[in-house]
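As structure tokens, one chain now follows by itself in the form predicted on its own.
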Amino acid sequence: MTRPKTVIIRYTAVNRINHWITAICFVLLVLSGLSMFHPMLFFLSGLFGGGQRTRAVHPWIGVLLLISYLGLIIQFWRENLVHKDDIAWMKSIKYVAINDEEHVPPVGRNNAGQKMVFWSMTLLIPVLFFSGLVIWEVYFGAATSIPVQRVAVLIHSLAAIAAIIIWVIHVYAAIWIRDSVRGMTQGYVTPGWAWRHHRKWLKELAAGEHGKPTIRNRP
């Protein structure tokens, strides 16, 4: 498909690389974690070289996920602060569900749903990390009792289930909103896309409220 002449840079190369490192780590953690969660899913450990290697590599991927997500927090926390516009957007969620954007209040760079995903993961990833440390037997097994480890396993499992549900919603929404994925793969969106889904953000860009221009014309 030919790239449009006029595009809006939505995500920089650094934004996109950081996002995809986080996404890959999360998928690997889900697959390796599920292989240890139930015997019926143990076959997934074959992707990592067997049960022992899966158990060894899983926590290290978790460390990388935490570091990578911290990068996303540093880059995007300001854009995900909750405002009164988000309340109006949530009240119009029935129109969002049927893709009737004309009845949805204009939103900035991120809508309330995107912000909920961001802050939910901001809470859940540290919970997963610290509960995971408690049950990381190689390094911390001797520092905690069996009852404490059992509680940590329960917390870790519940947090993982919640994170997986949120991730599924995030992926579904990205695919459902046409051309959203392109913003995170190629970095740009069209003015038409921005006008339909993030009208307030487009107006802010046009007014120069975000510093250097992000609207580019191709020769």
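For every residue, the number given is its place in the sequence shown, counted from 1. Note that this is a predicted model, so its numbers are computed, not measured.
The following text describes the form predicted in complex with protoporphyrin IX containing FE, which does not appear among the structures shown.
Only one of L66, A162, M184, I155 comes within 4.5 Å of protoporphyrin IX containing FE in the model of the complex through a heavy atom, and that residue is M184. Between protoporphyrin IX containing FE and the residues L128, M121, V104, A112, the one pair within 4.5 Å by heavy atoms in the model of the complex involves M121. Heavy atoms of H170 reach within 4.5 Å of protoporphyrin IX containing FE in the model of the complex, making it an interface residue. Proximity of L28 to protoporphyrin IX containing FE in the model of the complex falls outside the 4.5 Å heavy atom cutoff. In the model of the complex, A174 approaches protoporphyrin IX containing FE with a heavy atom inside 4.5 Å.
Taking the partner from elsewhere, H19 is found to have a heavy atom lying within 4.5 Å of protoporphyrin IX containing FE in the model of the complex. In summary, the region of this chain contacting protoporphyrin IX containing FE in the model of the complex, judged by heavy atoms within 4.5 Å and restricted to 176 to 184, 48 to 56, 146 to 154, 34 to 42, corresponds to 176 to 184. Residues of 67 to 81 placing a heavy atom within 4.5 Å of protoporphyrin IX containing FE in the model of the complex, in sequence order: Y69, L72, F76, E79, N80.
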